[in-house]
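In structure tokens, one chain follows: the form predicted alone.
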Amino acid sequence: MLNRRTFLGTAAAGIAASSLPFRAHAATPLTMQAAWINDAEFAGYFLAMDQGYYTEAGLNLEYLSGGPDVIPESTIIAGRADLALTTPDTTIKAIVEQGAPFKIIGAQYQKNPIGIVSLAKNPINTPQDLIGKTLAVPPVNVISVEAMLKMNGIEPGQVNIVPYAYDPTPLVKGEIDASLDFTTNVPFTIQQAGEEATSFLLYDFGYTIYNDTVVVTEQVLAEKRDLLVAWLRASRKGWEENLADPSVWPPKFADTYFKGTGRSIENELYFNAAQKPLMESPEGYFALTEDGIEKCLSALGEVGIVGNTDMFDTSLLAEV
């Protein structure tokens, strides 16, 4: 995912007072910090809350929505949440550089949904197609794009990289050739503007990192292991049901979880269907396979973030 937030060393940094909790009544409290505002990225959790799966698992789940001012890692460091969805680059960097006591216990996206988006009438289908073209990239993601280019034998100077502000208007107007954005969402926005989009994932060209990694502190892992397993079990059930038919559940959340976001249900339907192949794994949702972990660590190493397998704990998924 685009790196929409950066971990800060102070525990209180980035905790937004505007985070909205949703509760499911059950025996034992557990608080979850989402990575972004309420959209289809979190539909499986909404379904699990709506259908009482967390309650059935013995949890009283408090769900905290995210946003541009929310730094998930800071929320769990401050004790405001028990678990958070994060980007693995920020989490592992915090472990390496700041000694943050984090463990990754699952990964929602097996393939990170960030990719290169272009117009179908002027398609950019491979990294090689970027040579001599103008690519808009959010400043925090330039290092990732440069790593992907390097992996594919392209020098950064061969591509004109300009800043991107999460607005596809310059692409639609032809002011740029492509942008780095969410392949699960932005093509729909471009379609609504009257153009067809095409895209490819950085993941499919070497930058093989997870996204929405499930992160806890070592203390929470030690003290609430059973609750975390219960959360994984209920969340997996929610995602299995949601993605069995991606067209069913988003309309049901129009007046609840998705209300007030300014995005259409048609957008959420597109998002929900687009994310399904990026989340699926033969090992089930949230899988952390040996191969997947090694690929993630290898890709992060290309941008100077050197982690190791001890930063992951795969044992909880074995109990789900």
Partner chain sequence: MAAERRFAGLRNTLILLLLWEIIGQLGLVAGGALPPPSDILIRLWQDRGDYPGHILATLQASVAGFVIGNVVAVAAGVLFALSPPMLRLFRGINIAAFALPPIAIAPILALTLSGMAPRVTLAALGVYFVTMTATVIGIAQADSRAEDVVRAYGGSRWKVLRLVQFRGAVPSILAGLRVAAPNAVLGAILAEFGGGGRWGLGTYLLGSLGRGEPDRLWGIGLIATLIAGLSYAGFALLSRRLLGATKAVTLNAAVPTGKDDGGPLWARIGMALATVALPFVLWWALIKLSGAPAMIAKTPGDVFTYLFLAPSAETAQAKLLAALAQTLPITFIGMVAGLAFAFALAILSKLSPRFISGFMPVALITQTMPLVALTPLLVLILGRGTSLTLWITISVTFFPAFVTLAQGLALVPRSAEDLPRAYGASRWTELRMVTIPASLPYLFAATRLTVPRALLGVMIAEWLATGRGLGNLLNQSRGYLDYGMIWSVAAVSVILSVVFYQ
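The model shown is predicted, which means the values in this text are computed figures rather than measured ones. Residue numbers count along the first chain shown, from 1.
The form predicted together with the partner chain exists for this protein as well; it is not shown, and the discussion that follows is about that form.
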query	finding
Heavy atom distance at most 4.5 Å to the partner chain in the predicted bound form, all of Asp69, Ala100 and Asp167	yes
Heavy atom within 4.5 Å of the partner chain in the predicted bound form - residue from Ser281, Gln51, Asn60, Ser264	Ser264
Contact residue in the predicted bound form, from Thr184, Ser74, Thr208, Gln108 (heavy atom within 4.5 Å of the partner chain)	Ser74
Among 114 to 122, 148 to 156, 233 to 241, 135 to 143, the region lying within 4.5 Å of the partner chain in the predicted bound form by heavy atom distance	135 to 143
Contact label in the predicted bound form: Thr189 to the partner chain, heavy atom within 4.5 Å	yes
Contact label in the predicted bound form: Thr28 to the partner chain, heavy atom within 4.5 Å	no
The partner chain contact in the predicted bound form: Lys224, any heavy atom under 4.5 Å	no
Leu269: touches the partner chain in the predicted bound form, heavy atom cutoff 4.5 angstroms	no
